[in-house]
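Taking the form predicted alone, here's one chain by itself in structure tokens.
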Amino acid sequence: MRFQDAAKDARAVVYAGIQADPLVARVATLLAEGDAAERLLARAAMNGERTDADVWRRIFPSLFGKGSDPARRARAESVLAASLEVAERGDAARSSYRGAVVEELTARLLARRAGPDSPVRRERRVLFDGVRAEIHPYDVTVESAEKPEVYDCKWGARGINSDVLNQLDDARAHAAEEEIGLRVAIVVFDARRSCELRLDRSSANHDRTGLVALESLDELAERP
């Protein structure tokens, strides 16, 4: 088993520009340090249905109410402002920005426990001898010789589909044939219950595919 950079087609080049936007890094930094309530605020605000900050302050009184901790309120204000910047990118770009944020957040959390011998990388393919390579690259990889990991990142539960699940399970199975324990998982910036309902409806094999949902993102920083 080996890792390889994904081919740079036109879509990848455009998306790389979005990934490099400082806004993506700023939102991911805030969310990496944030708690579950702040991440829920970010998900709601980035959906773009309401761009009035005062509306969100009323919806999340635990973060913005008079009795909330001043330091936490200041941090929540930063999360809200950055999230609304993403929401205001418009329908065409918003989806790509949200996806880039989830990928960057995933990479940052994984990097907290990955050492120099386990580099965290983006947009990588996994190749096996004698097996046709998948065109679709994995969003984030931990390229450890002993415990490699691959992750596909989604903004919402609707992004979970059979193609993604089958590719992850195929990679795990091919790695097992080479006596390599490859951890495969999907990271979804959505409620666990929504993700589980989506998985329950899928006929793809996902019994050994991990799920990291909005409530459990900090698990990425822990040793599997």
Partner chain sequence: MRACRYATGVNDRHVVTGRAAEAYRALADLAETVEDEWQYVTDLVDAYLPAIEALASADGGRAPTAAETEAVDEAIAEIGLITDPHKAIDWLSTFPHVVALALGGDVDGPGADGGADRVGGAAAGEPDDDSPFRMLGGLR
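Positions refer to the first chain, counted from 1. Values in this document were obtained by computation on a predicted structure and should not be read as measured data.
Heads up, the form predicted together with the partner chain isn't pictured, but that's what we're talking about next.
Test of understanding: in the predicted bound form, would Asp169 fall inside 4.5 Å of the partner chain by heavy atoms? Outside the cut-off, so no.
Looking in the predicted bound form, any heavy atom of Arg11 within 4.5 Å of the partner chain? So Arg11 does not count as contacting the partner chain.
Given that the partner is absent here, does Ile18 sit within 4.5 Å of the partner chain in the predicted bound form, heavy atoms only? Ile18: no contact with the partner chain in the predicted bound form.
Indicate whether Arg73 is a 4.5 Å heavy atom neighbour of the partner chain in the predicted bound form. Close contact is absent here: in the predicted bound form, Arg73 is far from the partner chain, nothing within 4.5 Å, heavy atoms only.
Is every one of Asp5, Ala100 and Ala175 in contact with the partner chain in the predicted bound form, taking contact as a heavy atom within 4.5 Å? Not a single listed residue reaches the partner chain in the predicted bound form, so no.
Which pick from Leu182, Ala191, Val164, Ala28 sits with a heavy atom within 4.5 Å of the partner chain in the predicted bound form? None of the others qualify; the residue that does is Ala191.
Partner contacts for 185-217, taking the partner chain in the predicted bound form and a 4.5 Å heavy atom cut-off: Counting only heavy atoms within 4.5 Å of the partner chain in the predicted bound form, the contacting residues of 185-217 are Asp190, Ala191, Arg192, Arg193, Ser194, Glu196, Leu197, Arg198, Leu199, Arg201, His206, Asp207, Thr209, Gly210, Leu211, Val212, Leu214, Glu215, Ser216.
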